[in-house]
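Taken one at a time, structure 1 and structure 2 that follow are two forms of one protein chain, written as C-alpha cells.
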Structure 1
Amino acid sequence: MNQDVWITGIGIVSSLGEGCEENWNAFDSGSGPVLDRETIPPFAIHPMVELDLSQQIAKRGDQRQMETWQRLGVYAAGLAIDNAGARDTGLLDRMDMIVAAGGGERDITVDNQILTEMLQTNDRAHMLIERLSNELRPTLFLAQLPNLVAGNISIVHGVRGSSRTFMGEESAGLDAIRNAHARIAAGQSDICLVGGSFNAAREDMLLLFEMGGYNWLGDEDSVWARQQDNGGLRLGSMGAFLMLESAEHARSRGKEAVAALKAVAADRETREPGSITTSLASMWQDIASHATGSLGIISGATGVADQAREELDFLERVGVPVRASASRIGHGIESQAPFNLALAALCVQHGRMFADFDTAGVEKPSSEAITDVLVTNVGHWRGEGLALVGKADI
C-alpha cells in the first residue's frame, strides 16, 4: 500500500498573524519582523500576535489549566481542524495525533525567590523542598508535561485516536511529520493532526539557549546576515499544526488538498565540518525524484552562522529561490518544521514564493511560478531533515 499524503488543513499563529491568510499576507508583503525587546532584556523575541483564546478554547477553566505554550498549541490545532473541515465527532474520534513538544513553563517568580534564598540559607536542600512544596501551584505540573499539549488537544477539541508526543528540539518537529507521513502512506493511519507550539517569552527557555551562546543579540534580522560571534537564533512564539490525510480519505469526505506532502527524510550526522552539507545533499538525492516541476526552498536555518554556511553550500547546489522563515517570525524549535511545512503548502497553493527578506544576498526576488517547495530543517545542535511539498494530484 502506498497512499498519497495530502495536507488538508493548516493552523498557524505567529508574531505576524493568526491563520493562513494573515500570515501569508505578512510574509508576502516583505515587512520586517515584529520584535519585543522590552519583556526580557537583553533579548529580542518575536511575540505572539494577540489572540482571542476563547475562539478555540471555549472554557475558561481549560485555558486556566494550561500555560501559554499549551494554549498556543491547542489554538493552532483548532485552526487546523477547522481549516480541514474536520470538526466532526466521528472523525475526531479516530483522528491520530503527533505533537512535537519541548519543556513546560516554569514559575519564574518562585524560581527567582529560591535563587535569592539560596544565597541566604545554610540549608539549601531543605529550603528548596519547602519552597517548592508551598509555592508551586498543584496543577502547574500538568502545564509542564510535554505530552499535555496533546492531552489538552484531546480534551478541548476531542481528538481521540492514537496520541503521541515527540521530543528533541528541531528534529522532533520534522520527525513528527515524517512519522505521520509514513503511517498514512502505509495505510496505518487515515488522518493525523501533527504539529507543535512554542512560547518565546520565557526566561527559562532563553537561559537554555544562552548556555553555549546560541541566542542572537545582534541587530541583523536575516538569518543569513548573522555573522558576529557565529550568529545565533532569536526565539519566536508560534504554533503550527497540519492535518495530514490520505488522498483517498480526503476524497471520500469531499475535501480538497491544500498541497501534497510528497516526501520526508531525516538524518543524524555527527557534526563535523561539512557534514550538514553532505547530509542534506544525500537526503535530497533520495527524494529529488518526487519534485516534478519548478522548485522553491523554505529554509529552517536558525541563524547559527557556521551551520547556515554549510546549509548554503547545499542550497547553492540546488540553485532555486530560498526563503528563511526564522528571519521573519523567529525560531520556534520543535514548531519550526511544522510552521515551514505550512508555509510551503501556502506557497504551492499560491503557485509562487513569498517575498525575499535578506540583507546578505542569499534570498533574491522571484515571481516565477513554482509547483514544489523543499523545506530544510537543520537543528541548532543535532539533526538534519528535508520535506518536500508539491501540488496534489487531483
Structure 2
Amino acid sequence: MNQDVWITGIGIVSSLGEGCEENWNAFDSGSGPVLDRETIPPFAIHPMVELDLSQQIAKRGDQRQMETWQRLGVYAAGLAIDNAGARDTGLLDRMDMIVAAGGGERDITVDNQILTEMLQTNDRAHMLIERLSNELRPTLFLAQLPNLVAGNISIVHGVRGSSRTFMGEESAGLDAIRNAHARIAAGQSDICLVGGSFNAAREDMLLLFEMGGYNWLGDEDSVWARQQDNGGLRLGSMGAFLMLESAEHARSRGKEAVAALKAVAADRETREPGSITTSLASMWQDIASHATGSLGIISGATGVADQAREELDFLERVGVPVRASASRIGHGIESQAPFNLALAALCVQHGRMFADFDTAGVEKPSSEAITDVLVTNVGHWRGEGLALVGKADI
C-alpha cells in the first residue's frame, strides 16, 4: 500500500505573527525580522508574537502548569486542528500525534548559583557533585519531559490516538514528519497531528549554543551573509503543527488538501568536508522523481558558515529559487523543519515563493509559478534531510 499523504491543516506561530495568513503576509512583504535585543543581552532573539492563550488553552490552570515552550506547542496544535476542520470528537479519539521538542526549561537561578560558585573554588568537581545532589532533584527533569507537550495537547484538545515524541535537535523535527508520512503512506494511520515548538527566551539554551560557538552576535540578519567568525544562528520562538492525512480519508470527510507531502528523506553524516553536499545530493537523487512541476526551495540553513557553504553547493546544482526562513524568524531547532514544511505548503497553495530577504545574492526575486517546494534541513551540528511538498492530486 502506498497512499498519498495530504497536508490538510496548518498551525503556526512565530515572531512574525499567528496563523497562516499573518505569517504568509509577513514573509511575502519582504520586511525585516522582529528582534529582541533587550531581554538577554548581548544576544538578540526572535521573540514570540503576543498571543491570547485563552483562544486555544481555555483553562487558566492548564496555562499555568505549562512552561512557555509547551504553551506554544499546544497553541499551534490547536490552530492546526481548527485549520483542518478536525474538532469532531470521533476524529480526535483516533487521531495520532507525533511531537518533536527539546528538554524542559531549567532552573536558571540554581544554574547561575552553580556557575558563580565554580569560579570561586579550586575543587570544582566536588562542589558540582554536592550541588547537583542537593539542589537538583530527579523529579525536576522527570516533570519536564517533552512528552508533556503531547500530554497537554491530549488534555486540552482531546487528541487520543497513539502518541510519539522525538528529541534530538533539528533531526527530531524532520524525523517526526518522516515517521508520520511513512505510517500514513503505509496505511498504518489515517490522520496524524505532527509538529514541535521552541522558546528562544531561555538563558540556558543561549549558554549552551554560546559554549559551542554557534550564537550569531553580528548585525547581518540574512543567514547567507554570516561569514564572519564562521557565522552563527539566532534562536527564534515558534510553534508549528501540521495535520497529515491520507488522501482517501480526507476525501471521505470532504476536506481539501493545502498541499501534498510527497517524500521525506533523512541522513546523518560525520561532517567531513563536502559530506553535507554529498548527502543532500544523494537524497535528492532518491526523491527528485516525485517533483513533477516547477520547483522552489525553502532552506533550513541556520547561519553557521561552513554548513551554509556546503548547502549552497547543493542548491546551486539544483538551480531554482531559494528562500531561508531563519533570516526572518530565527532558528527553532526541533520545530524548524515542521515550520518550513508549513511554509512550503503555503507556497504551493499560493503557487509561488514568498519575497526574498538576503544581502548575499543567494536569494533572488522570482515571480515564477511553482508547483513543488523542496525543504532542506541541515542541523547546526549533525543531521541532514530533505522533504518535498507539492500540489495534491485532487
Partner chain sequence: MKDAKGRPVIVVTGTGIVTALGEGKKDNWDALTAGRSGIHSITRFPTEGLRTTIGGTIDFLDVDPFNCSELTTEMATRAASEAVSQSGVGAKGDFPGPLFLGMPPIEMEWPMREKLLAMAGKTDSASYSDLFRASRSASDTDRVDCLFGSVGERLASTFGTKGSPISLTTACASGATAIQHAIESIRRGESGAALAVAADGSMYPETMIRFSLLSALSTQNDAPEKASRPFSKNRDGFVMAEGAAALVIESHEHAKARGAKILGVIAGGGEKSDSFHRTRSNPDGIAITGAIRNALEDAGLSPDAIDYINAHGTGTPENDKMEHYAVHTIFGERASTLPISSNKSMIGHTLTAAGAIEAVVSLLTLEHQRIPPTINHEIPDPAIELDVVPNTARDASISTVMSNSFGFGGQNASLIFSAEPV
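For clarity, every value in this text was computed on a predicted model and none was experimentally measured. Throughout, residue numbering runs from 1 along the sequence of structure 1. For the two forms, the rigid core is made up of the largest set of C-alpha atoms that agree within 1.5 Å on superposition.
- The form predicted alone appears here as structure 2.
- With the core held fixed, residue 190 shows a CA shift below 2 Å between the two structures.
- Relative to the superposed rigid core, residue 117 undergoes a CA displacement of at least 2 Å between the two structures.
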